[in-house]
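Next comes just one chain, in structure tokens: the form predicted on its own.
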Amino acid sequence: MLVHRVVFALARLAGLVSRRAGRGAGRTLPGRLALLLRRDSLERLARGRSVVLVSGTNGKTTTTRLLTAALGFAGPVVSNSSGSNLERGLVSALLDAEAGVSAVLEVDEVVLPTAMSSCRPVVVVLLNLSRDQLDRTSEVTFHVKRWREALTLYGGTVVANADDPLVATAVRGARPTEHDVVWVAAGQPWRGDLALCPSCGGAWEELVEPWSCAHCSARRPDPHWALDGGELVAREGSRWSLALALPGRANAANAGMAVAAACVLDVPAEVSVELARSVTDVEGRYLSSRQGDHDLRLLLAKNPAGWLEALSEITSGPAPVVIALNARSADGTDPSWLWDVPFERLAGRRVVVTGERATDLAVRLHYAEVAHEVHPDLRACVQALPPGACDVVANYTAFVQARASLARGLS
């Protein structure tokens, strides 16, 4: 125990030095150092806590933020809601938390089995599975198999998206009786990873909601919670209007998952919904910023599923669109996913593009028959546009750059 105390003290000190030296926010370095010195650091730090893990390809950060707000009703909660969701990020989040304080942790899909083994969570929230960073994480069937194996060994409650056949297959494979499973009909508009039934491999005759397979017994579970427009409906018929400050269908789905998980932990639904309404910002997502004569709204879209949701949000109006694209290790170095995004929906809009992989994006837009311009940076993109509203959509590292640029006034 003394060894761990020394290790954790050194890790905290390293984070402090890093922050004071202006070398970062200290979200990963402390965890990286602690894990290097003691491989069981996450297990030690999670011991004696009530831990909730949130995982999936899309919506992790927002759902974690909403669930943290809900559980804060009962007392202090520690979280990594900044989005540092690999093992080192989980350790860094827990290093500064007092012993026994509850934790809500966003977890990368690949890391989830390890996090479950180390943290022994009371609840695991499973959002969706879709292609993301294939150069790092492989195909989605890889996650289905590993999630199923981890859930077989795990004894807590699973809150899962009933509308995603991949998630449902992983959960039902581990829990065939559906014991301690709470199903939420949270929607899954992206169908690009579902050419075949994940249970039997048969081709879908028609994949609609509620989904079912014509070749085997696989079908959508009967949900305990469901979204009905802007309302969340419990199985027994109770309804709550979400009326979130965060826009879009995807955020309503994230809120539904968060409320369902909070109810497992004895937070009343009406309280969770009210606290979800109080969340107005999630690490700069949907940030509105006045820059000179322009009113900019910043959105994050990291993969085809996320882009489908973003396009649904931004194509409802006439505002110009700025798209920023990078392909660093945190984004996935393979941008071939661009060809799965229905950019054709932007036809007729004023579109300008930037980022380290702007030329890849320009080729995709050319074949989508979307007129566009290429500019060297966000500032040049905005200056090329007429005064007024503008949506800025960026993938992960481009989003971080854009958020920092807006904070500096596009300097």
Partner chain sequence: MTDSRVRIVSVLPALLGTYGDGGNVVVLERRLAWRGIPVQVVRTTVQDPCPAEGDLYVLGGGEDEAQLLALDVLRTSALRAVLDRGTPLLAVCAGLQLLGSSLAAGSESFVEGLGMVDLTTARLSRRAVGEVVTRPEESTGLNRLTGFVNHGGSTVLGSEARPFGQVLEGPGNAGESDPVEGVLQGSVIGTYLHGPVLARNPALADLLLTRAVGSPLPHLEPGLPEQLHAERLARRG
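Positions refer to the first chain, counted from 1. Note that the structure is a prediction, hence the values are computed from the model and not measured.
What comes next is about the form predicted in complex with its partner chain, which does not appear here.
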Though its partner chain is not shown, can you say which of Gly201, Gly155, Pro318, Gly75 has a heavy atom within 4.5 Å of it in the predicted complex? Gly201
In this chain shown alone, the residue from Arg131, Lys302, Arg175, Arg220 with a heavy atom within 4.5 Å of its partner chain in the predicted complex is Arg131
Does every residue of Arg49, Arg249 and Val273 put a non-hydrogen atom within 4.5 angstroms of its partner chain in the predicted complex? no
Report the stretch among 337-345, 178-186, 274-282, 89-97 that approaches its partner chain in the predicted complex to within 4.5 Å, counting heavy atoms only. 337-345
Are any of the heavy atoms in Val208 no more than 4.5 Å from a heavy atom of its partner chain in the predicted complex? no
Any non-hydrogen atom of Leu35 within 4.5 angstroms of its partner chain in the predicted complex: no
With the cut-off set at 4.5 Å between non-hydrogen atoms, does Ala69 touch its partner chain in the predicted complex? no
Using the partner position in the predicted complex, report whether Ala362 sits within 4.5 Å of its partner chain, counting heavy atoms only. yes
Scan 352-374 and write down, in order along the chain, each residue with a heavy atom lying within 4.5 Å of its partner chain in the predicted complex. Arg357, Thr359, Asp360, Ala362, Val363, His366, Tyr367, Glu369, His372
